[in-house]
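Next up: a single chain in structure tokens, the form predicted on its own.
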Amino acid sequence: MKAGDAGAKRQAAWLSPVRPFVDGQAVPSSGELVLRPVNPSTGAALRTVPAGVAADADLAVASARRTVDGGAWSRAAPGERKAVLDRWAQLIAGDSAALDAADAVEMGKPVRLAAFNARAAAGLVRFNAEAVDKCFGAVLPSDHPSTVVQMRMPRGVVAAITPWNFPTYNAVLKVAPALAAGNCVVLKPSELASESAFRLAKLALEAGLPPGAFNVVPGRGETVGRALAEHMDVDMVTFTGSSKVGKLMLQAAGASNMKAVLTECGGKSPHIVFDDGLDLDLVAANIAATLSANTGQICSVGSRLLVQDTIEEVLTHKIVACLQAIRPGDPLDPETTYGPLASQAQLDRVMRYLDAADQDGADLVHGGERILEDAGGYFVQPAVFVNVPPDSRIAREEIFGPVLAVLSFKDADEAIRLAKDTPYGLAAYVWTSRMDVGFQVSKALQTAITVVNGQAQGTLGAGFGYSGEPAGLSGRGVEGGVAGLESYTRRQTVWFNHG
């Protein structure tokens, strides 16, 4: 046995057996087919995962429905829900090392990367716990013989379908507000990275969540995900993933019971950098860090650099210098800053885009090569292309990998035109020392968030209070903050006539 194979077996040994988690306990899948995900750092098999069947989804939805109808969670006092969620947050924080290690082994997120890690997930749960009694209804103005009250009610059974790029955080991003609003949840994690979902569900049960309020069903999207999206007894689907599958969620809702749908999908976010006195070393360091974070597998990653032509060459050189400082390697190693792509399929996708960039006439000035191939994993250098045609595939399509397309502009109007020249509307990053330029550009864009950094300095900003609503192929619905919690409620009006 090779040393790498032995290491992979040791890493896999502590991973829990994957089975549906329904009504507070692990149960066998009704299907016989299994999947064999691998450690993306080594290419070695981990452990089998059920491919899943519709009957698995049916069982979990039935459990969630019984719990909704029984009222153990949906009718619990706000203070009770808050206390349970607070305890859940504490348990997540206490288990953060194991959760981060699971994400590292299953999809390659370095344990060193603090962004969207388990401690951040615990903070998100705490925020939603605090927001439980701050999601207000209203008493509407009405005439003297009536009193009209508009309440916010739980939707009921919420199906949450999450991706593989930040397994722990993305699960909490859906489940925490859904539970805070009084719903019961069926979570389908990615078949590539499902360990953290089961750990989270068991911790929630330990925190006092009633059995059946948080169920987990592993499996493929085309089996379990589709069954949940089409299920007549699911009241809402909340989904994060590709725009292609997001459209399928909307179609399934319309073809079934017209359930509510919240989708957070792809992006092609631009960095827009103006030549007006910013410290370009700081700008370059930020762009390089965000491009290489999680190997560029972030929906809001700034994968397009729109830079004023007077500083294009110098800024590109500075970004390349920063990218040369990455430390690729085992994501469980605290010294590693750069992990692998999550799967062979994702590696193949990124390599196809690198080939397409060359065919479309872009010039590669850094990276784009396989690295650490002897380890057997899916590592690729961050790639930087210049002279990128605006209509090329790497300028317009989401790659979900560490590929930067550099385009230049002469003035703000051209920058805005280039920034809007994709079907996405998720995020944008404007770099300028002039607030008037920042306002001009941000008001012209349709995004869930536009970050304007006039001094090129980091800030905590609104923290977990931030809410965003994407545009175009980036999805629909509000996620995050108190407004995101309200997405998991429906407005119900009660009209009292009292003479």
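Everything quoted here is computed from the prediction, not taken from an experiment. Start at 1 with the first residue shown and count on from there.
Not pictured, yet referred to below: the form predicted together with ligand NAD.
Of the listed positions (Gln251, Asn257, Ser242, Thr310), a single one reaches within 4.5 angstroms of ligand NAD by any non-hydrogen atom in the model of the complex, namely Ser242.
Just one of Gly266, Gly377, Gly182, Pro402 comes within 4.5 Å of ligand NAD in the model of the complex, counting any heavy atom, and that one is Gly266. Residues within 4.5 angstroms of ligand NAD in the model of the complex, judged by any non-hydrogen atom, belong to 213-221 and to none of the other stretches in 283-291, 139-147, 213-221, 194-202. A residue is said to contact a partner when one of its heavy atoms sits within 4.5 Å of a partner heavy atom; Val157 fails this definition for ligand NAD in the model of the complex, lying far away. In the model of the complex, ligand NAD sits beyond 4.5 Å of every heavy atom of Pro110. Looking at Pro189, you'd find a heavy atom of it within 4.5 angstroms of ligand NAD in the model of the complex.
The shortest heavy atom separation between Tyr338 and ligand NAD in the model of the complex exceeds 4.5 Å.
Shown without its partner, the chain has Ile161, Thr162, Pro163, Trp164, Asn165 in segment 151-165 as residues with a non-hydrogen atom within 4.5 angstroms of ligand NAD in the model of the complex.
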